[in-house]
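Below sits a lone chain in C-alpha cells, taken as the form predicted on its own.
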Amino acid sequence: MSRWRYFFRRLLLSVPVVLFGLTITFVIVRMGPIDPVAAIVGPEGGGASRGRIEERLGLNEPLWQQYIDFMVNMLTFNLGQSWVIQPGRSVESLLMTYAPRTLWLGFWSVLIAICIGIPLGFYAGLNPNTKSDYLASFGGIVWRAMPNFWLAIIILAVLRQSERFFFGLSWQSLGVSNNLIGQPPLDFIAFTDWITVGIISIPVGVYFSFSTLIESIKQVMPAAIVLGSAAMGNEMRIGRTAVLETINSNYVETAKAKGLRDRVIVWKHVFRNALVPLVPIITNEAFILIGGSVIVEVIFGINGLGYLFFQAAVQGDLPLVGSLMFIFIVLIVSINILQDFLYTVLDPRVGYE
C-alpha cells in the first residue's frame, strides 16, 4: 500500500470517529441533567421567560431536528454563538481569546518534558546500574506519581516563600511581573501594518517586546512544569527502557564488531531506534491540552481552553461544548495519523498494511 493511499484510507476511517464523538457530546449535554435554559433565566425566571428562551435557542424543536442542526453546524464549521458563558458572543471570538493561553502553556509543558525527560532517560539507559541511573529512575517515578493538583499547590507555596528555599533569591523579584497567579501576557509580538493584495492581507510591520516575552515565560513556567511533570516521567522511564533494549540488540553488536566508534553507534543506531516507542508518548502529550490543563489553569488562573470547556460543560452551553469537542476530536485524530507517519520515518521496516 502506498503512503498516499494509506493516508486517504486513514482519513476516511476518521470520519465515523468524528461523527461518533459529536453524537456522544450532543447526547451528554442535551439529554443530560444540565438545563441551559435554567442557567440563563436564573432561579427567578418564570414559564414565559423559559418559553421565549427555548424558542430563541431552538430547544422547543424535536430532539432529532436539534441533533441534525447540531451536526450540520459543526461539520460546516458554523460554530454559532455562546448560550450561557457569554450570551450572544460568537464561539470563534471566544476561541481566539482563550486558545492562545492554552497553546502557550502547552508549548512550554511539552518542551520541558521533551528537553528533560528524553535526555535523562537516554543517559540512564546508556549508563545502567549506576548512581546516575538510579537517581534518574527514582526522579522519574516521583515526578510520575505526583498529582497535578497537589504539585501545583506545593509549587505555589514554595515560590511564595522562595527566599527561604533559594538562598534569598525571590521569584517575585525576577523579571517584570510579581504575580504568581494570572494570565500570561501574550502581546509580546504583534503586526503593526498590513498590505492587502487582492483578497489576501500580508503583514509587513512587526512589533516585538523582549521584556514582555520574559514576563510571559515567567508567568507560565510554574504551570508548565506542573503540566509537563507526568509526561516527563513517562518519557524518562520509556526512554531508558528503549535504550537498554536497543543497545543489546544484534545489529548494535554487529556494529561494534565492525569497529564503529561508540559515538556513531549511539547516534546512528541506538537513538534513532529508541525513539520509535517514544513517538506515541510525545504525540499524545498534545492531549494534556484537553483534560490535564483544566485543573492547572484554574489553580494558576490562566483561564484557557481547559477552563472554558469546564465552565461550558457545567452550564450546558451546547454550541461552545460542541465546538470545543469538535476541535479536540479533530486534533486527536490528526495527531494519530501524524503518529503513524512518524513511525515510518523513524523505522522504514514499518509498513502500511
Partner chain sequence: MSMNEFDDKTLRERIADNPQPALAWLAGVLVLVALELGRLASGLVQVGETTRFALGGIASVPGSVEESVASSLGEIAGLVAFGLTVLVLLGIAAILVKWLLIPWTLVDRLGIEASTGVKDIIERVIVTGLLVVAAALVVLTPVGGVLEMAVSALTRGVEWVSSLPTITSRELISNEGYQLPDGSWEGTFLGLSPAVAWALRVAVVYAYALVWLAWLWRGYETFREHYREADWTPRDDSINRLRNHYWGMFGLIVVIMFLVMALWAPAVSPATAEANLYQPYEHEFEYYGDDGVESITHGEANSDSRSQGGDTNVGVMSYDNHDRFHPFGTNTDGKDLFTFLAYGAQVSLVIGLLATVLMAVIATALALITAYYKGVTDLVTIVASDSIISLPRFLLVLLLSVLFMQANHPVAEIYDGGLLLALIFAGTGWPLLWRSVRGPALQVSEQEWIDAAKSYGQSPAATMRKHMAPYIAGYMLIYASLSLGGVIIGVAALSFLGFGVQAPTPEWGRAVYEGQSYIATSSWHIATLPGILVVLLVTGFNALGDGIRDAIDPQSEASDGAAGAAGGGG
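Superpose the two forms; the largest set of C-alphas matching within 1.5 Å is the rigid core. These numbers come from a predicted model, not from an experiment. Numbering follows the first chain given and starts at 1.
What follows is about the form predicted together with its partner chain, which we do not show.
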Picking from Ile85, Met221, Ile112, Ile153, the single residue whose non-hydrogen atoms come within 4.5 angstroms of its partner chain in the predicted complex is Ile153
Residue within 4.5 Å of its partner chain in the predicted complex by heavy atom, from Leu135, Ala157, Ile202, Val264, is Ala157
In the predicted complex, do Pro147, Glu245 and Val321 all reach within 4.5 Å of its partner chain through at least one heavy atom apiece? yes
* **Contact test in the predicted complex: Ile238 vs its partner chain, heavy atoms, 4.5 Å** => yes
Can you work out whether Ile141 and its partner chain are in contact in the predicted complex, taking contact to mean some heavy atom pair no more than 4.5 Å apart?
yes
Exercise for the section: May I ask you to state whether Ile337 is within 4.5 Å of its partner chain in the predicted complex, using heavy atom distances? Expected result: no
Exercise for review: Could you confirm whether Leu342 comes within 4.5 Å of its partner chain in the predicted complex, counting heavy atoms only?
Suggested key: no
Checked 297 to 328 against its partner chain in the predicted complex; residues with a heavy atom within 4.5 Å, sequence order, are Val298, Ile299, Phe309, Phe310, Ala313, Val314, Leu318, Val321, Met325, Phe328
**Q.** Ile68: Cα shift of 2 Å or greater between the shown form and the other one (core-aligned)
**A.** no
After core superposition, I'd like to know whether Gly304 moves between the shown form and the other one (criterion: C-alpha shift of 2 angstroms or more). no
My question is whether Val15 is one of the residues whose C-alpha shifts by 2 Å or more between the shown form and the other one, given a fit on the rigid core. no
